[in-house]
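As a starting point, one isolated chain is supplied in structure tokens, in the form predicted on its own.
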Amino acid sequence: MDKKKIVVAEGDGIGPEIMGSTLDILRAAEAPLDYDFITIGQAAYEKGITSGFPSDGWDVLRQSGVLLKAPVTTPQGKGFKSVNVTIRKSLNLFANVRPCKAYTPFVASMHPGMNLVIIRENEEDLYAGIEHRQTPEVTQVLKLITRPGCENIIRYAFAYARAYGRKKVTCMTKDNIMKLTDGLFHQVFDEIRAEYPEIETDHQIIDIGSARLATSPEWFDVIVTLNLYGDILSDITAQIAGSVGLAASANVGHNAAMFEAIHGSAPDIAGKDVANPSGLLIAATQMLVHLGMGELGEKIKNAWLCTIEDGIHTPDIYREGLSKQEVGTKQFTDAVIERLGRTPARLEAVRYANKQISVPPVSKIETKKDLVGIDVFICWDESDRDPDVIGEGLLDASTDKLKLKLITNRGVLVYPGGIPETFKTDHWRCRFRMTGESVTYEDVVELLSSINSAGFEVIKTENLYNFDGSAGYSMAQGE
């Protein structure tokens, strides 16, 4: 077999140790790989590269399309960007795949039947990182959900379930509150699940779904969800499975992929030969499957299972009565290498052959978009924050084409009507609706000029559109 070139980032803290362990095992297993090493993380930050990823690294990674990455340290404070987020978004690695399995009775877990996969959208949601301070009292973050993003991740989840013989896919959102953003994710899930009739499906609201996951993870098989929810759920599942140190992560796009452990760089134990390399090693087996080397991935993962089954454990998972020998990073590595070619006796052996997964690019949809109004956000802190005062002023500033309909504060209707107990900040959403059959952006500009002339400070606007006749904006609480 021709050798495949991959890019390796040794990372920070314990990164070089666990990467060295992983590469030693790959070499011992005779993996047909060549390695290009790049330096990312702390060393890059110290050179003033705020993304933590040097510009020349992109060409190296682009040529390979595969990155095996140890954990890195992101400096505290403003101005530094997460290397992970930078890589994921720059390379369109839309799918984050985190298997979480209990290895009882050899690793302590309260949930011995747990064997699930979290498939998390990896690029959008609140992690777009678009934030603003708009008034002395109010900040905002934009939650961006796209239809192509939803289609990519949901199709990947179903393709993964089919390839690995999984029986059920659960979608988790909060669309009872965020009816447009999370609602879109749920809608696309319902559309795509019809293409996989052999797979059972359900939808759960994220709060009760998280509670059920934490107490009864054996109820779940594959979970597909949005970025923030998936980030939280995957750490919960890794912990209740037995140890975050055993959890791996694949980040997959149409043209590139990154494989990593989910834990941090743990600088407090760096250089002490106690770090558990398992998370990164399991990530490497995911990488081998992705590269079409499934049988080699099986060989390494089964050797690792034998090591765990034989009670040879690093300090993070060592337990009196469950473990037989507490070892450091180097001894654990040697133990896995010694067991290459073996399969476990009690733990279930893995079978990875022909598990490569791909999803087609998303096609563009056509829709009719009509401008019907505008939400004007105003910074206003006068007259004891009486909404009637601002309402009367904005009614006077209304134009023939656009008239004030309502005002909200923190999403709650305060004008017309409202009750005095509602707490009010200095940040007001003022909704103007068209008075006729149509409105243009020139009419919006005229309205904004009138509002400015009336002495109000406009801090933001959001156009209101109908899409194919349906409102593309939310109603106010109390409207």
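Sequential numbering from 1, following the sequence displayed. Model, not experiment: these values are computed from the prediction.
What follows is about the form predicted together with a small molecule, which we do not show.
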Of these, 398-406, 332-340, 255-263, 381-389, which stretch puts a heavy atom within 4.5 angstroms of the small molecule in the predicted complex? 255-263
Could you check which residue among Thr173, Asn276, Ser234, Asn227 gets a heavy atom within 4.5 Å of the small molecule in the predicted complex? Asn276
Only one of Glu131, Asp268, Glu366, Glu320 comes within 4.5 Å of the small molecule in the predicted complex by heavy atoms, so just point that one out. Asp268
With the distance limit set at 4.5 angstroms and only heavy atoms considered, check whether Ala248, Gln286 and Gly294 all reach the small molecule in the predicted complex. no
Close approach of Val107 to the small molecule in the predicted complex, 4.5 Å, heavy atom: no
Considering only heavy atoms, tell me if Asp310 and the small molecule come within 4.5 Å of each other in the predicted complex. no
Quick one: is Val97 in contact with the small molecule in the predicted complex, heavy atoms, 4.5 Å cut-off? no
So in the predicted complex, does any heavy atom of Pro71 sit within 4.5 Å of the small molecule? yes
